[in-house]
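Consider the single chain below, provided in C-alpha coordinates and representing the form predicted on its own.
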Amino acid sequence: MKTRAAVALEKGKPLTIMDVELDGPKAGEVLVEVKATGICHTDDFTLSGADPEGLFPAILGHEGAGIVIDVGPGVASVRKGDHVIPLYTPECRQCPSCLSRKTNLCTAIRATQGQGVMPDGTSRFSLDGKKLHHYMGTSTFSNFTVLPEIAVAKVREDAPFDKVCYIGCGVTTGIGAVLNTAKVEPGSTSVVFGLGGIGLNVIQGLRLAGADMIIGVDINAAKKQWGERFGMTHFVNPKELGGDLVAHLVNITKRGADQIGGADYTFDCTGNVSVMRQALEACHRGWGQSIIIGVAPAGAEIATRPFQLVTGRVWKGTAFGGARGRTDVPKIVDWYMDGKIDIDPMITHTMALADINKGFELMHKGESIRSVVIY
(Lines give C-alpha, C1' and ligand atoms only; values in the text may rest on other atoms or scores of the structure.)
Protein backbone atom coordinates (compact mmCIF):
# COMPACT_ATOMS: atom_id res chain seq x y z
CA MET A 1 0.00 0.00 0.00
CA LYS A 2 0.99 3.64 -0.34
CA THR A 3 1.49 5.86 2.71
CA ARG A 4 2.36 9.53 3.01
CA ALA A 5 5.51 10.04 5.02
CA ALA A 6 8.18 12.56 5.97
CA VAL A 7 11.40 10.86 4.91
CA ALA A 8 14.89 11.62 6.23
CA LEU A 9 16.84 11.02 3.04
CA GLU A 10 20.17 12.13 4.50
CA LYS A 11 21.50 13.57 7.73
CA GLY A 12 21.41 17.30 8.27
CA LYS A 13 18.74 17.92 5.63
CA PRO A 14 15.05 18.79 6.05
CA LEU A 15 12.55 15.96 5.82
CA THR A 16 11.03 15.27 2.40
CA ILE A 17 7.28 14.64 2.16
CA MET A 18 6.46 11.84 -0.27
CA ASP A 19 4.46 8.70 -0.88
CA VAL A 20 6.29 5.49 -0.02
CA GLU A 21 5.42 1.80 -0.18
CA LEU A 22 4.41 -0.02 2.99
CA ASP A 23 4.06 -3.80 3.14
CA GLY A 24 1.37 -5.28 5.37
CA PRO A 25 1.99 -6.87 8.78
CA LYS A 26 3.63 -10.28 9.04
CA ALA A 27 3.32 -12.73 11.94
CA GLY A 28 3.31 -10.95 15.29
CA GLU A 29 2.95 -7.49 13.69
CA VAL A 30 0.24 -4.85 13.45
CA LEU A 31 -0.58 -2.16 10.90
CA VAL A 32 -1.42 1.16 12.56
CA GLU A 33 -2.96 4.28 11.06
CA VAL A 34 -1.09 7.07 12.86
CA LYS A 35 -3.49 9.88 13.74
CA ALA A 36 -1.03 12.22 15.45
CA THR A 37 2.67 12.35 16.25
CA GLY A 38 4.83 14.63 18.35
CA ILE A 39 8.13 16.12 17.17
CA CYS A 40 10.73 15.23 19.79
CA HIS A 41 14.31 16.39 20.35
CA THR A 42 15.42 12.80 19.82
CA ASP A 43 14.12 12.93 16.25
CA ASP A 44 16.11 16.12 15.74
CA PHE A 45 19.19 14.54 17.34
CA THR A 46 19.09 11.72 14.79
CA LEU A 47 18.25 13.96 11.84
CA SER A 48 21.19 16.23 12.66
CA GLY A 49 23.63 13.36 12.22
CA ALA A 50 24.83 13.49 15.84
CA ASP A 51 23.23 10.13 16.63
CA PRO A 52 25.87 7.42 16.23
CA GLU A 53 23.11 4.87 15.60
CA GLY A 54 21.29 7.04 13.05
CA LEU A 55 20.50 5.31 9.75
CA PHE A 56 19.50 6.91 6.46
CA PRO A 57 17.27 6.97 4.52
CA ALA A 58 14.70 6.48 7.26
CA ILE A 59 11.24 7.42 8.44
CA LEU A 60 11.68 9.04 11.84
CA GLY A 61 9.09 9.65 14.58
CA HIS A 62 8.46 7.80 17.82
CA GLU A 63 5.78 9.74 19.70
CA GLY A 64 2.49 8.74 18.10
CA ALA A 65 -1.06 7.54 18.59
CA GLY A 66 -3.40 5.81 16.19
CA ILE A 67 -5.74 2.95 15.32
CA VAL A 68 -4.96 -0.68 14.49
CA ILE A 69 -6.01 -1.27 10.87
CA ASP A 70 -4.81 -4.85 10.43
CA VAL A 71 -2.99 -7.57 12.34
CA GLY A 72 -0.70 -10.38 11.24
CA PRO A 73 -0.95 -14.07 12.17
CA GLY A 74 -0.61 -14.85 15.86
CA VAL A 75 -1.46 -11.40 17.19
CA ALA A 76 -3.63 -11.78 20.29
CA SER A 77 -3.29 -8.69 22.49
CA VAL A 78 -4.79 -6.16 20.06
CA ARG A 79 -7.26 -6.28 17.21
CA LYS A 80 -8.57 -4.13 14.38
CA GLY A 81 -10.10 -0.91 15.66
CA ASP A 82 -8.10 -0.73 18.89
CA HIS A 83 -6.58 2.63 19.78
CA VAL A 84 -2.88 2.30 20.49
CA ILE A 85 0.31 4.21 21.29
CA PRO A 86 3.48 2.91 19.57
CA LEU A 87 6.30 1.99 21.95
CA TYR A 88 9.93 2.58 21.10
CA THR A 89 10.68 0.60 24.26
CA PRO A 90 8.67 -2.61 23.82
CA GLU A 91 7.48 -4.96 26.53
CA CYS A 92 7.53 -8.64 25.56
CA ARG A 93 7.06 -9.89 29.14
CA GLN A 94 9.15 -12.97 28.34
CA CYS A 95 12.83 -11.95 27.87
CA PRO A 96 15.28 -12.10 30.81
CA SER A 97 15.10 -8.31 31.22
CA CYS A 98 11.30 -8.24 31.42
CA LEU A 99 11.20 -11.23 33.73
CA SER A 100 13.81 -9.72 36.05
CA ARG A 101 11.43 -6.88 36.98
CA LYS A 102 14.61 -4.82 37.49
CA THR A 103 14.42 -2.88 34.22
CA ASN A 104 12.03 -1.77 31.50
CA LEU A 105 14.67 -2.31 28.81
CA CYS A 106 13.13 -5.27 26.98
CA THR A 107 15.71 -7.02 24.81
CA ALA A 108 13.36 -9.11 22.66
CA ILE A 109 13.84 -7.06 19.48
CA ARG A 110 16.66 -4.71 20.45
CA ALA A 111 19.16 -5.97 17.87
CA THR A 112 16.92 -5.61 14.82
CA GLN A 113 15.35 -2.40 16.09
CA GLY A 114 18.81 -0.82 16.20
CA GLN A 115 19.38 -1.93 12.62
CA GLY A 116 16.26 -0.12 11.41
CA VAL A 117 14.36 -3.28 10.48
CA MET A 118 11.57 -5.46 11.77
CA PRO A 119 12.31 -8.57 13.89
CA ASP A 120 12.62 -10.76 10.76
CA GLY A 121 15.45 -8.53 9.51
CA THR A 122 13.51 -6.79 6.73
CA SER A 123 11.87 -3.39 6.35
CA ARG A 124 8.21 -2.81 5.60
CA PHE A 125 8.98 0.59 4.02
CA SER A 126 10.46 1.10 0.57
CA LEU A 127 10.89 3.83 -2.04
CA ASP A 128 11.29 2.96 -5.70
CA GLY A 129 12.09 -0.59 -4.69
CA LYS A 130 14.83 0.44 -2.25
CA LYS A 131 14.66 -0.13 1.51
CA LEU A 132 13.79 2.67 3.90
CA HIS A 133 14.84 2.17 7.51
CA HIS A 134 12.41 2.04 10.38
CA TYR A 135 13.24 4.34 13.31
CA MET A 136 13.15 3.28 16.96
CA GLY A 137 10.82 0.52 15.83
CA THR A 138 7.97 3.01 15.37
CA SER A 139 8.37 5.43 12.40
CA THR A 140 5.40 7.61 13.28
CA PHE A 141 6.29 10.27 10.70
CA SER A 142 4.29 8.09 8.32
CA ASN A 143 0.49 8.12 8.14
CA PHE A 144 0.59 4.31 8.34
CA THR A 145 3.26 2.18 10.01
CA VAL A 146 3.88 -1.44 10.93
CA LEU A 147 5.05 -2.42 14.41
CA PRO A 148 5.64 -5.57 16.43
CA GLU A 149 2.69 -6.49 18.60
CA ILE A 150 4.90 -6.11 21.70
CA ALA A 151 5.57 -2.48 20.71
CA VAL A 152 2.02 -1.11 20.96
CA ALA A 153 0.06 -0.19 24.08
CA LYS A 154 -3.71 -0.47 23.85
CA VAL A 155 -5.38 2.63 25.31
CA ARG A 156 -8.92 3.86 25.91
CA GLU A 157 -10.85 5.03 22.85
CA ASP A 158 -12.07 8.36 24.24
CA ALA A 159 -8.53 9.74 24.63
CA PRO A 160 -7.67 12.42 22.00
CA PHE A 161 -4.89 11.32 19.66
CA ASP A 162 -3.35 14.79 19.38
CA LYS A 163 -2.77 14.91 23.15
CA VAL A 164 -2.00 11.34 24.21
CA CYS A 165 0.57 10.88 21.45
CA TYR A 166 2.84 12.90 23.77
CA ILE A 167 2.60 10.04 26.29
CA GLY A 168 4.50 7.95 23.74
CA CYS A 169 7.69 9.67 24.86
CA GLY A 170 7.87 13.05 26.62
CA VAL A 171 5.19 12.68 29.28
CA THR A 172 6.10 9.14 30.26
CA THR A 173 9.84 9.85 30.25
CA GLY A 174 9.52 12.86 32.56
CA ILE A 175 6.91 11.56 34.99
CA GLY A 176 8.38 8.05 34.96
CA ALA A 177 11.86 9.32 35.85
CA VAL A 178 10.35 10.66 39.07
CA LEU A 179 8.02 7.82 40.00
CA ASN A 180 9.85 4.77 38.62
CA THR A 181 13.55 5.63 38.57
CA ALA A 182 14.04 8.04 41.47
CA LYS A 183 11.01 6.92 43.47
CA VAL A 184 10.72 10.40 44.97
CA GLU A 185 9.15 10.57 48.42
CA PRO A 186 6.68 13.18 49.71
CA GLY A 187 8.42 16.21 51.21
CA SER A 188 11.58 15.82 49.10
CA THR A 189 13.60 18.66 47.63
CA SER A 190 14.37 18.46 43.92
CA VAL A 191 16.10 20.40 41.16
CA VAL A 192 15.19 20.08 37.47
CA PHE A 193 17.77 21.25 34.94
CA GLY A 194 16.18 22.22 31.62
CA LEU A 195 12.51 23.15 31.43
CA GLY A 196 11.61 21.89 27.99
CA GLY A 197 9.00 19.22 27.35
CA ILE A 198 10.79 16.58 29.44
CA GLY A 199 11.64 18.95 32.29
CA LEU A 200 8.07 20.19 32.63
CA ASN A 201 6.87 16.60 32.88
CA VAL A 202 9.51 15.91 35.54
CA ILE A 203 8.05 18.85 37.47
CA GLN A 204 4.59 17.40 36.96
CA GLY A 205 5.83 14.07 38.29
CA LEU A 206 7.40 15.73 41.33
CA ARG A 207 4.10 17.40 42.09
CA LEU A 208 2.35 14.01 41.86
CA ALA A 209 4.96 12.50 44.19
CA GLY A 210 4.40 15.22 46.77
CA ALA A 211 7.82 16.88 46.54
CA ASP A 212 8.10 19.94 48.77
CA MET A 213 10.66 22.21 47.09
CA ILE A 214 10.78 21.95 43.27
CA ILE A 215 13.51 24.12 41.78
CA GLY A 216 13.65 24.68 38.03
CA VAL A 217 16.88 25.74 36.31
CA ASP A 218 16.88 27.18 32.79
CA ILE A 219 18.75 29.90 30.89
CA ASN A 220 15.50 30.98 29.21
CA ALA A 221 13.66 33.37 31.56
CA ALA A 222 10.37 32.63 29.79
CA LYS A 223 10.45 29.11 31.23
CA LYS A 224 9.74 30.46 34.73
CA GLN A 225 6.07 30.89 33.94
CA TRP A 226 5.91 27.44 32.34
CA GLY A 227 7.53 25.77 35.33
CA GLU A 228 5.21 27.46 37.82
CA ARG A 229 2.25 26.34 35.75
CA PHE A 230 3.14 22.69 36.40
CA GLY A 231 4.21 22.90 40.05
CA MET A 232 7.67 24.49 40.26
CA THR A 233 8.21 26.42 43.50
CA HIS A 234 11.53 28.17 42.74
CA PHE A 235 13.27 29.28 39.52
CA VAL A 236 16.96 29.86 38.87
CA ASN A 237 18.37 31.38 35.68
CA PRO A 238 22.15 30.74 35.66
CA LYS A 239 22.67 33.72 33.34
CA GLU A 240 21.19 36.06 35.94
CA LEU A 241 22.81 34.43 38.97
CA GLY A 242 26.19 36.11 38.93
CA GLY A 243 27.80 33.32 40.92
CA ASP A 244 28.38 29.58 41.17
CA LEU A 245 25.20 27.67 40.32
CA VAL A 246 25.95 24.60 42.42
CA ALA A 247 26.80 26.65 45.51
CA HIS A 248 23.59 28.64 45.08
CA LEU A 249 21.45 25.50 44.79
CA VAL A 250 23.12 23.91 47.80
CA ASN A 251 22.52 27.07 49.81
CA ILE A 252 18.82 27.44 49.01
CA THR A 253 18.15 23.77 49.82
CA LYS A 254 19.63 23.98 53.33
CA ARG A 255 17.19 22.80 55.96
CA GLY A 256 17.08 21.35 59.44
CA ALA A 257 19.77 21.46 62.08
CA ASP A 258 22.67 20.21 59.95
CA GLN A 259 22.36 23.02 57.37
CA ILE A 260 24.38 20.98 54.86
CA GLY A 261 22.19 21.65 51.86
CA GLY A 262 21.81 19.89 48.55
CA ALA A 263 18.75 18.41 46.90
CA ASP A 264 17.41 14.95 47.59
CA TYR A 265 16.90 14.48 43.85
CA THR A 266 18.14 16.26 40.74
CA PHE A 267 17.20 15.64 37.12
CA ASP A 268 19.18 16.54 34.02
CA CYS A 269 16.93 17.14 31.03
CA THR A 270 19.49 18.96 28.89
CA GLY A 271 21.86 16.35 27.48
CA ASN A 272 24.74 18.70 28.38
CA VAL A 273 27.52 16.83 30.19
CA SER A 274 28.62 19.96 32.08
CA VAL A 275 25.09 20.35 33.41
CA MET A 276 25.04 16.67 34.35
CA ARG A 277 28.03 17.31 36.61
CA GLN A 278 26.32 20.31 38.18
CA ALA A 279 23.22 18.23 38.78
CA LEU A 280 25.17 15.56 40.63
CA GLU A 281 27.13 18.04 42.71
CA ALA A 282 23.94 19.87 43.71
CA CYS A 283 22.74 16.68 45.42
CA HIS A 284 22.72 16.20 49.18
CA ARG A 285 25.70 14.30 50.56
CA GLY A 286 24.91 10.83 51.82
CA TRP A 287 21.76 10.16 49.83
CA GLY A 288 21.26 12.56 46.93
CA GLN A 289 20.34 10.98 43.60
CA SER A 290 20.89 12.60 40.21
CA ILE A 291 18.88 11.18 37.32
CA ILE A 292 20.22 11.59 33.78
CA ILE A 293 17.43 11.86 31.22
CA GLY A 294 18.95 14.06 28.50
CA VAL A 295 20.81 12.38 25.62
CA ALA A 296 24.37 13.64 25.17
CA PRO A 297 26.15 13.92 21.78
CA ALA A 298 28.14 10.97 20.47
CA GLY A 299 31.47 10.58 22.25
CA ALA A 300 30.59 12.87 25.15
CA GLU A 301 31.64 11.78 28.64
CA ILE A 302 30.59 12.79 32.13
CA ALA A 303 33.07 13.54 34.90
CA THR A 304 33.15 14.52 38.54
CA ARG A 305 35.51 14.20 41.48
CA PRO A 306 35.32 10.70 43.01
CA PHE A 307 34.71 12.43 46.36
CA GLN A 308 31.21 13.34 45.16
CA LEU A 309 30.32 9.65 44.79
CA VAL A 310 32.28 8.37 47.79
CA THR A 311 30.23 10.69 49.98
CA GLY A 312 27.03 9.02 48.94
CA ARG A 313 25.71 10.80 45.88
CA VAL A 314 24.33 8.54 43.16
CA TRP A 315 24.18 8.95 39.39
CA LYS A 316 21.34 7.09 37.65
CA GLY A 317 20.21 6.92 34.07
CA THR A 318 16.70 6.32 32.81
CA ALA A 319 15.12 5.41 29.48
CA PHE A 320 11.42 5.99 28.81
CA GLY A 321 11.14 6.90 32.47
CA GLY A 322 11.59 3.30 33.53
CA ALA A 323 8.06 2.61 32.25
CA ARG A 324 6.92 -0.79 31.02
CA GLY A 325 5.06 0.36 27.96
CA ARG A 326 2.14 -2.02 27.53
CA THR A 327 1.53 -2.02 31.29
CA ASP A 328 2.16 1.60 32.29
CA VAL A 329 1.21 3.73 29.27
CA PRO A 330 -2.54 2.91 29.50
CA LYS A 331 -2.44 4.01 33.16
CA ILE A 332 -0.83 7.33 32.26
CA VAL A 333 -3.50 7.89 29.62
CA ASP A 334 -6.06 7.31 32.39
CA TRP A 335 -4.28 9.87 34.59
CA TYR A 336 -4.60 12.42 31.80
CA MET A 337 -8.26 11.67 31.17
CA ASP A 338 -8.97 11.81 34.91
CA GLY A 339 -7.29 15.22 35.25
CA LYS A 340 -4.37 14.03 37.39
CA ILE A 341 -1.82 15.28 34.86
CA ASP A 342 -1.99 18.08 32.30
CA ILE A 343 -0.89 17.77 28.69
CA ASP A 344 -2.91 20.28 26.68
CA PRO A 345 -0.87 23.42 27.49
CA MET A 346 2.35 21.71 26.40
CA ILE A 347 0.99 21.10 22.89
CA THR A 348 1.91 24.59 21.77
CA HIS A 349 1.69 24.01 18.01
CA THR A 350 -0.19 21.67 15.68
CA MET A 351 0.36 21.25 11.95
CA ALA A 352 -0.18 19.03 8.95
CA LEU A 353 2.49 16.57 7.82
CA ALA A 354 3.38 18.91 4.96
CA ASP A 355 4.54 21.48 7.53
CA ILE A 356 6.56 19.12 9.74
CA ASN A 357 9.84 20.93 9.07
CA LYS A 358 8.30 24.06 10.60
CA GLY A 359 7.92 22.07 13.82
CA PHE A 360 11.67 21.46 13.88
CA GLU A 361 12.29 25.16 13.25
CA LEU A 362 10.09 26.09 16.21
CA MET A 363 12.06 23.64 18.35
CA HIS A 364 15.39 25.14 17.31
CA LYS A 365 14.15 28.65 18.10
CA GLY A 366 12.88 27.58 21.52
CA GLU A 367 9.39 28.73 20.62
CA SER A 368 7.58 25.44 21.23
CA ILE A 369 7.20 22.96 24.04
CA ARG A 370 5.80 20.30 21.76
CA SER A 371 4.64 20.50 18.16
CA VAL A 372 2.23 17.80 17.02
CA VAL A 373 1.52 16.66 13.48
CA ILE A 374 -2.11 15.73 12.90
CA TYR A 375 -2.81 13.44 9.95
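This structure is a prediction, so every number in the text was calculated from the model and none was measured. Don't overthink the numbering: it's just position in the shown sequence, from 1.
A second form of this protein, the form predicted together with a small molecule, is not displayed here; the remarks below concern that form.
Remark: all three candidate residues (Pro52, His62 and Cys169) come within 4.5 Å of the small molecule in the predicted bound form, counting heavy atoms only.
Heavy atoms of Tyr88 reach within 4.5 Å of the small molecule in the predicted bound form, making it an interface residue. The small molecule is not drawn, but in the predicted bound form it has a heavy atom within 4.5 Å of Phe45. Within 4.5 Å of any heavy atom of the small molecule in the predicted bound form lies no heavy atom of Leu280.
For the chain shown alone, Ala159 is not a contact residue for the small molecule in the predicted bound form, no non-hydrogen atom being within 4.5 angstroms.
For the residues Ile150, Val155, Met136, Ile215, the 4.5 Å heavy atom test against the small molecule in the predicted bound form is passed only by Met136. Think of it this way: in the predicted bound form, the small molecule has a heavy atom of just one of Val75, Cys98, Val295, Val250 within 4.5 Å, and the residue is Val295. For the small molecule in the predicted bound form, the listed stretch (338 to 346, 35 to 43, 303 to 311, 325 to 333) containing residues with heavy atoms inside 4.5 Å is 35 to 43.
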